[in-house]
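Take a look at this one chain, the form predicted alone, written out in structure tokens.
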């Protein structure tokens, strides 16, 4: 499996200490991507699954979950499924971070997932305009699939001031159903499109105001900023 590294974290799976595996390769080229080094399929390093299994087993005394992130993990769905199988054998919780572009692949593993964090990058009919890829209907299908499963669903949107506005955030809220919706702060320190270095960071007050406006639609809202971390609204 090609991975860009792994870490231990108390944040990536709320309430659980986890190992986070970052897979290499992504099918999208979001202009605000903050992990552009993980986009190429030949990025990172090739790590045998047996080695990953050993690392998980050696950590099992102090972790209770495994998170598979990226990149886009479902580009390597066969290896992802094997990792999930191994986690189940060890009685570990499982979480997948995905861009939602592969609902058919997601359907094959949904019963093995306790938690899915799914990026909703734009209103479904504005994906091509905002991120340059016409995949909105695929993402909609993935959102519906996970919400109607037994997995906990977190939908996440990174608010980029030069690419989006408050109407876009409201449009997303009206189109999705999820267990929690997270508005993430855009930060211009690391981006794929160099033009976005000139875009000011989203502020905590902007996210807070958006969150309060859409709370009647979605219920549980979280905002995530560098200054204040995670805040449930």
Partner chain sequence: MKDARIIAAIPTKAETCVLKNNGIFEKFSHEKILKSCLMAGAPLWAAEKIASHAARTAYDGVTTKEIKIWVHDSLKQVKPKIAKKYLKNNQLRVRTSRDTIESFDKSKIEKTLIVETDADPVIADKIATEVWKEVKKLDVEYLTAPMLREIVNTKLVEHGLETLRRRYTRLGIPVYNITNLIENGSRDNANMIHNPETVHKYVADEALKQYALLHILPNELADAHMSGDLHIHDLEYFAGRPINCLQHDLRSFIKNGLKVDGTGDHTSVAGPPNHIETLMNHAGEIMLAAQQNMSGGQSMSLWNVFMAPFAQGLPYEEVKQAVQMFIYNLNMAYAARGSQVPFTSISMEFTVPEFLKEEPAYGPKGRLVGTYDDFEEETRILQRAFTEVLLDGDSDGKPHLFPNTIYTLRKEVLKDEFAEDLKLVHELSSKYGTAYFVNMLPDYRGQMANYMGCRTSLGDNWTGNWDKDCLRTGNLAYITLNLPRMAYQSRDEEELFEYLDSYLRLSEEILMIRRQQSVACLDDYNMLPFLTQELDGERYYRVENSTMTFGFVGLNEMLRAHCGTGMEDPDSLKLGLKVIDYMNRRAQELKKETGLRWTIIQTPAESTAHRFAMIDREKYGSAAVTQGDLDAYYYTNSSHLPVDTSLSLAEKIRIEEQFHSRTSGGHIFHAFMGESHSDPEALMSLTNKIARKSNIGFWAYSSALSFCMKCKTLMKGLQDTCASCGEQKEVEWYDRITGYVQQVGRSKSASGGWNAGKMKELHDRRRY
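Numbering follows the first chain given and starts at 1. Keep in mind that what you see is a predicted model, and the values were worked out from it rather than measured.
The protein also exists as the form predicted together with the partner chain; that form is not presented, and the subsequent description refers to it.
The partner chain is not drawn, but in the model of the complex it has a heavy atom within 4.5 Å of residue 9. For residue 197, no non-hydrogen atom is located within 4.5 Å of the partner chain in the model of the complex, even though that partner is not displayed. Contact check for residue 59: a heavy atom falls within 4.5 Å of the partner chain in the model of the complex. Taking the partner from the other structure, the partner chain in the model of the complex has a heavy atom within 4.5 Å of a heavy atom of residue 15. Interface residue among 37, 175, 193, 64 relative to the partner chain in the model of the complex, by the heavy atom within 4.5 Å criterion: 64. Shown without its partner, the chain has no residue in segment 167-186 with a non-hydrogen atom within 4.5 angstroms of the partner chain in the model of the complex.
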